[in-house]
Structure formats: C-alpha cells, structure tokens
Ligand code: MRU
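For reference, the chain that follows is the form predicted on its own, supplied as structure tokens.
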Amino acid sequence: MKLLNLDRPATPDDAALWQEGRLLLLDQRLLPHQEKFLHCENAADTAQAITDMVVRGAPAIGVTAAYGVVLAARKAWERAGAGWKTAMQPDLEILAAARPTAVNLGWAIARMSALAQTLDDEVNPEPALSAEASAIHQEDIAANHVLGDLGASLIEKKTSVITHCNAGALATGGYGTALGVIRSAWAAGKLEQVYADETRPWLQGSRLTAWELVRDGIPVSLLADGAAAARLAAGGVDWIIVGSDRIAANGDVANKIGTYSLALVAKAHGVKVMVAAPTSTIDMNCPTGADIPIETRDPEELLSCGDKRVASPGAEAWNPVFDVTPAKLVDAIVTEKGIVLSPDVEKMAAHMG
C-alpha cells in the first residue's frame, strides 16, 4: 500500500475512489490535518485498510469491499486464468473477515460473488465486476439523497440536533446517512445548529463530522461524549440523528459505542431518536440486537490518545466499538424505501417485504 496525494483538495465524497482501475481510499486516520489517499493494490490491502479504519462506516465499507472483490478477481485471472473463480475465494474470505459488525461488508461481497458465478470462466471478469462495484457505489449515493430528504421531512420546526460518530459522506458512498438528513434539513432551512459528540476513542465526531460540516458551511459545535445530557437539559434540541452499522429484524440498532447511552438520555428528556441507514444495513437474518456480533478492538486505542499513552501504567481497558440501542428507544428508522416509525418486528418485515 502506498500513500498518495491527489492533484486537488479532498472532499467528503472521496472516501473510496476507483480511478483507472485503482482503488484509492482517503485515509481517515489522518484527517483533518492531512488529506492523503491509500492505494490498495489487492484484496489483502483492502481488507487491511478496512480493519485499520482507513475507511469506516458500514456503507463505505461495503463500497470498498465491492472494489476489493474486483482486485481479487483481477489477481485470480492473472494467476489462474479460467480457474479464477476458485482462485479468488481465499481473498474473498480475507475481505469478509475484515470487520464483523458492519453488515454491508458481507452484503456487498455476496452481491459481487453472485455476479461472479454467472460469468464465463474463459473471459476476464474484471470489466463486469468493476461495473457492478460502481453500481453499488452509485446506488448508495442515490439512496442517501433519498433518505436524507425523507429524514429531513420528520423535522417539523427549526431546531438543533445532536449526532454521534460520523455517518456522513466519509462513511458512505457519498452525501451521508445521518449527515445526509442533516444536509437536507439545513438546505430546507430547518436547522439552527448541529452538536457533534467527539466520539471517543477514535474521535470521529471531532475529526470527521466537524470536518464535513465545516466544509459545507453548516454550524457545528463539538460536545464531549458525556455532555449530551446537559445539552439536552438546556433545551433547543429536538432530535438525535445517527447512522447504523447493522439493524436487526426487530429494529434494534448497532451503532458506534455511546449511541445507546445517548438514546437513553434522549428518552429521559423527551427528545426523539432518528436512525438513518440504507436498506443494505438492515439484516433480516439477524432476529434481535443480541444476535449482532460486536467488535472489540485493541485496548490500546482507549489507553492512548493518538501515539501518546494517557492511562496509568498497569490499567486495562474494555474497548467495544459498537453498542446496541433497543428498538423501543428509536422513534424512526429512515431508509431509501421510506420511514419506519416506532420500529418493531412487524413494521420492519413490512418495510423490507
């Protein structure tokens, strides 16, 4: 993998770029201070970039994985010719294991694999698979614009909102899920202010969400993660708007750690919770939130800040990076197919049916 500069400034829509057969990922670990792109040359590079959070956010992971399948097929064709379908399987397994919670990862690989099985063994698969990966990318962008407008329609009066982590263009194919709603609401004149939780330990709120909103001219103020209750108690905030990495069949929502506590605080203050995500994030094969695999990462991410150790020597850490918000705490799930109010098993089944 190589770090590269483009001949232009990066934009929030640059999370994953496919340029002349090259996969370039905006290295989100370096934002907002550096805008560099990682060139992934094969599926193993792509999987490592996903694991290392060069790219993150369930939809963006799905888009990236789709392009990773193209790279896997390219190498398999070069190596095995007509045996490329079998030769690419180990790379697909590496991709699938990159991060366990984001359902879009497996969804994208399954869609790409299904197409691959229909292709002629004797023909180079790259053009067809590249077109399919691009379709996944463009469909996600289009879905985000639709769900952004739908979510904004739920905001009845001019208000302020709180968002957690980063569910913007950087976490998707483009435009964003939670930030897609926020962008649409801002365009409609419905927003006074966005409050963004800093989102420890990777600080996606302060580094990424703030970067996106400042670029768009949308007023944003950062909150320490523990400040949300005081902010809601002060009034003037009517919605919590977040994304999701996986939504269970009963409407339970897995999202960045801290979302559950934010939803509990919102319920205590009569503030509504909106979850914005494409239908590819809904896992109808996962009955409840208890069945969602929750990724636990290196404790050092919590014990340190960047490269500097901040915790006392000898201290240990528990570092789950997602939690599950029960459906009963969610007022609306918004997808490109519509709005599910007070989600439950029956409503989710009808929405996806």
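Each residue number is its position in the shown sequence, starting from 1. What you see is a predicted model, and the numbers here were worked out from it, not measured in a lab.
One more form of this protein should be noted, the form predicted in complex with this ligand, which is absent from this view; the next part is about it.
- The stretch in contact with this ligand in the model of the complex, judged by heavy atoms within 4.5 Å, is 255-263, chosen from 129-137, 255-263, 79-87, 153-161.
- For the residues Ala108, Ile240, Cys165, Ile247, the 4.5 Å heavy atom test against this ligand in the model of the complex is passed only by Cys165.
- Proximity to this ligand in the model of the complex, taken as a non-hydrogen atom within 4.5 angstroms, holds for one residue of Met53, Leu31, Cys286, Ala44, which is Met53.
- In the model of the complex, at least one heavy atom of Gly57 sits within 4.5 Å of a heavy atom of this ligand.
- When contacts are judged by a 4.5 Å heavy atom cut-off, Arg99 counts as touching this ligand in the model of the complex.
- By the criterion of a heavy atom within 4.5 Å, Ala72 is excluded from the residues contacting this ligand in the model of the complex.
- Using a 4.5 angstroms threshold between heavy atoms, Phe37 stays clear of this ligand in the model of the complex.
- Taking a 4.5 Å heavy atom cutoff to this ligand in the model of the complex, the contacting residues in 169-204 are Ala171, Thr172, Thr177, Gln204.
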